[in-house]
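Presented below, as structure tokens, is a lone chain in the form predicted on its own.
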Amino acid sequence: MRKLLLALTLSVFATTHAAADELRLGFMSILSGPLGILGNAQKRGFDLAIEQLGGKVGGVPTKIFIADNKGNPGEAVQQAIKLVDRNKVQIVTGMAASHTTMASVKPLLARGVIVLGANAGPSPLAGKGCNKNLFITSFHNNQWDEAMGEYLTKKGVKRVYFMGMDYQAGWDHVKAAIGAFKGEKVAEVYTPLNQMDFSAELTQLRAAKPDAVFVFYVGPLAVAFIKQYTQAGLHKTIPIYSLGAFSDPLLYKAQGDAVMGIYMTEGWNTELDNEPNKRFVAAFRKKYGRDPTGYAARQYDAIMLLDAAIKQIGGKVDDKDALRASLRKADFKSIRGKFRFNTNQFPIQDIYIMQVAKRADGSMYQKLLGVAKSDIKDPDYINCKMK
């Protein structure tokens, strides 16, 4: 009898750590509403990665569940609960915006799901809010802006006017740029997420006469801002500095030549000279007929990280300890080149400086100028007490 019980116990243990028959993977992002352009761009990178992997992440047959949080925190919570309780997902990726990410990770982490955030990098989740099941592969909101603040200082810019969207990402991005800039902060202005008329703010900006303006606007708000900025004639006297999302292949047509020459920081660029990036950019152009955006690139990279991590543990996706350990190693060929996780499972990475320019054929692109800052760690990791 004892031998029989021992055999059954060993059998159960072996089954627990066997390769999974299926991976249930959730993708949640903003797929509709004013910021839906961001989530759909992200999904293109997700779709390309899954296609290249033949529908098997880490060699495991993968069932995909798509959730649209509509850019609404309440909806994000409901969709997160649905993904776990109804769809039984084991891992969730996506996460386009900070406010919906902050809302959705709570129910996901409470249910023991591994979250692989591929775009938003809200600062509260990097410090005291860190979690062993939360991996942010994209960036900490401060990283791009720390590099830009230092770049402005090196260029000799003396007085800067700072503007951004009034939510977690806006606060993080703007305050990080201010913190790294050694000159004078002329003003710090935040505008509502649904505000499309900047006439009052631009009047105040003109009167302040700064040497430059740093802005954090994305999607339709970036289009509205640059159009009104140009109509007001401010582009002739006050140069704009921003982030890669301010002007990218999604927005060029609507923004036009008004964005030419704008300096931006970003953690990835189409021109990065490494083989994984060359293959990704070529495949994306072939599939979609244009350059990829940073949203697509970061999501593609996240899936390739997950693919490598699952392969390294023999497809045992139910063994969460092994999967977490494998993810933390980040032993994969990133399209960004260098990539590693800090102790809070946010990335340590290079940030690049680039400028909106035109190719010989007239097409617009983000011209890579060089590394703005290397191996940037976020400022919050020291407050992360990982359990």
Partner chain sequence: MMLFLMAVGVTLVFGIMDTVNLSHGSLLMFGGFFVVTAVEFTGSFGFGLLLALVASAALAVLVEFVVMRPLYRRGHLDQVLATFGLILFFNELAVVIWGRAPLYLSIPKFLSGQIDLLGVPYPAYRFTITVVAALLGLGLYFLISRTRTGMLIRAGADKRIVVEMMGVNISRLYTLIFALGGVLAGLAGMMIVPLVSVQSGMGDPILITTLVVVIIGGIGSIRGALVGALLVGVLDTFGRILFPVYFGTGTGSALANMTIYILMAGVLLWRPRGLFPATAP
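Positions refer to the first chain, counted from 1. All of these numbers come straight from a predicted model, not from anything done at the bench.
Just so it is clear, the following notes concern the form predicted in complex with its partner chain, a form of the same protein that is not shown.
Ok, 228, 131, 153, 90: which has a heavy atom sitting within 4.5 Å of its partner chain in the predicted complex? Of the listed residues, the single hit is 228.
Just to be sure I understand the contacts: of 213, 176, 223, 264, which is the one whose heavy atoms reach within 4.5 angstroms of its partner chain in the predicted complex? Of the listed residues, the single hit is 223.
Would residue 322 sit within 4.5 Å of its partner chain in the predicted complex, counting heavy atoms only? Result no; residue 322 lies far from its partner chain in the predicted complex.
Could you confirm whether residue 273 comes within 4.5 Å of its partner chain in the predicted complex, counting heavy atoms only? Residue 273: no contact with its partner chain in the predicted complex.
Are any of the heavy atoms in residue 343 no more than 4.5 Å from a heavy atom of its partner chain in the predicted complex? Heavy-atom contact with its partner chain at 4.5 Å: absent for residue 343.
Within 4.5 Å, heavy atoms only: does residue 204 come near its partner chain in the predicted complex? Residue-level check for residue 204: yes, a contact with its partner chain.
Output flag, 55, 281 and 333 jointly within 4.5 Å of its partner chain in the predicted complex, heavy atom basis: No, the whole trio is out of contact, none within 4.5 Å by any heavy atom.
Going by heavy atoms within 4.5 Å, which of 132 to 140, 311 to 319, 185 to 193, 237 to 245 lines up against its partner chain in the predicted complex? Going by heavy atoms within 4.5 Å, the stretch is 185 to 193.
Sequence-ordered residues of 242 to 269 touching its partner chain in the predicted complex, heavy atom within 4.5 Å: Sequence-ordered list: 250, 251, 253, 254.
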